[in-house]
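One chain is shown next in C-alpha cells, namely the form predicted alone.
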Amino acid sequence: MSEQLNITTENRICKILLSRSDKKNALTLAMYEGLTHALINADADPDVRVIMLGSDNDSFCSGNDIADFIAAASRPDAVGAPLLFLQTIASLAKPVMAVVPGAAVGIGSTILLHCDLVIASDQARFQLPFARLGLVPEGGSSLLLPQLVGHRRAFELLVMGEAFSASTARELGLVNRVVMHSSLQDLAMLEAEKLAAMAPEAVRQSKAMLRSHTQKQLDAVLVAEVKQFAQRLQSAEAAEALQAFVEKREPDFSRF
C-alpha cells in the first residue's frame, strides 16, 4: 500500500498523494483503507494544521478500480472500506485542501465536496458517470451536489454523467481556483502555507460551524447511498456496464 500512497509532513502540512499512475490513481479497497488511516493520523497529529490531498502524477483520481470492485462485489463487506473513508473525510476537524492536476472521475470528483479548498489545473477534467455504469451517486453527492448547484444541474451531472472542464467546475463551485498546470503545485503550496499560518483553533472552529448544520443529515445520506450502491453493484445493469467498460465498448441496456 505504501507504494500507492505518498505521505509526507512538512511545515505543518500533511500531503497525502495518490501514487498509482499506471491506473490513473483508481482506488482499490486497500487504497481506501490506507487513505482512511492517513487522514485519521493527520487529523490527530499536533504538528499538522492542513491536510492536502493530491497526486504525484498528472491524474487526480479516475474513480474506483473496476476490476477490484467486480472481484469484491459478492462480498458483503465490500462497501465497508469506502464508507469508512467517506465518513472519515466528512468528519475531519482540520481543513482539507485538494489539488487536482488532471482526471477526477466518480469518487475523484465527489471527494471534492468534502474538501474545504480545491485548486485545479486548467487541464483537469471532471465526470460523475454513475448512472452510465448502472450505479447510483455516492460520496454524499446526492445531498451535497443539489445543495451546491440545484436539482436540475445536479441531475445533469449525476445522471447524464458527461465530462466537464475545470472552468465549468469553477462555475459550479466544485473548485475554488483554476490555475495553469505548470503553476499548480507551487500555488497550492502557497495557499496551504497561508492556511497553516492562521490561528489553528479559530480555523477548526470555523470549519465545524460551517459543517454543523448538515452533518447529521450527511452521515445518514452516506450510509444510505452506500447501501444502494452495494445493491446496484450486484444488478444486471451494473454487470453489463462494468463488463462493457472492461471490454472497451458501449453498454447495451436495450434488454432492461
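None of these values were measured; they are calculated from a predicted model. The first residue of the shown sequence is 1; numbering continues from there.
Missing here is the form predicted in complex with coenzyme A; even so, the following discussion is about that form.
- [ ] Answer yes if any heavy atom of Lys24 is within 4.5 Å of a heavy atom of coenzyme A in the model of the complex; otherwise answer no.
- [x] Heavy-atom contact with coenzyme A at 4.5 Å: present for Lys24.
Open item on the list: Taking coenzyme A as it sits in the model of the complex, is Phe130 near enough to touch it, meaning that at least one heavy atom pair lies within 4.5 angstroms?
Closed with: Answer yes; at least one heavy atom of Phe130 falls within 4.5 Å of coenzyme A in the model of the complex.
Task: is_contact(Ile66, coenzyme A) in the model of the complex, heavy atom dist at most 4.5 Å - done: Yes - in the model of the complex, heavy atoms of Ile66 and coenzyme A come within 4.5 Å of each other.
Open item on the list: Test of understanding: in the model of the complex, would Gly106 fall inside 4.5 Å of coenzyme A by heavy atoms?
Closed with: Looking in the model of the complex, residue contacts with coenzyme A include Gly106, since a heavy atom lies within 4.5 Å.
Open item on the list: Please pick out the stretch from 81-89, 147-155, 97-105, 177-185 that is in contact with coenzyme A in the model of the complex, where contact means heavy atoms within 4.5 Å.
Closed with: In short, 97-105.
Task: Contacts with coenzyme A in the model of the complex, stretch 240-256 (heavy atom within 4.5 Å) - done: Phe245, Lys248 sit within 4.5 Å of the partner.
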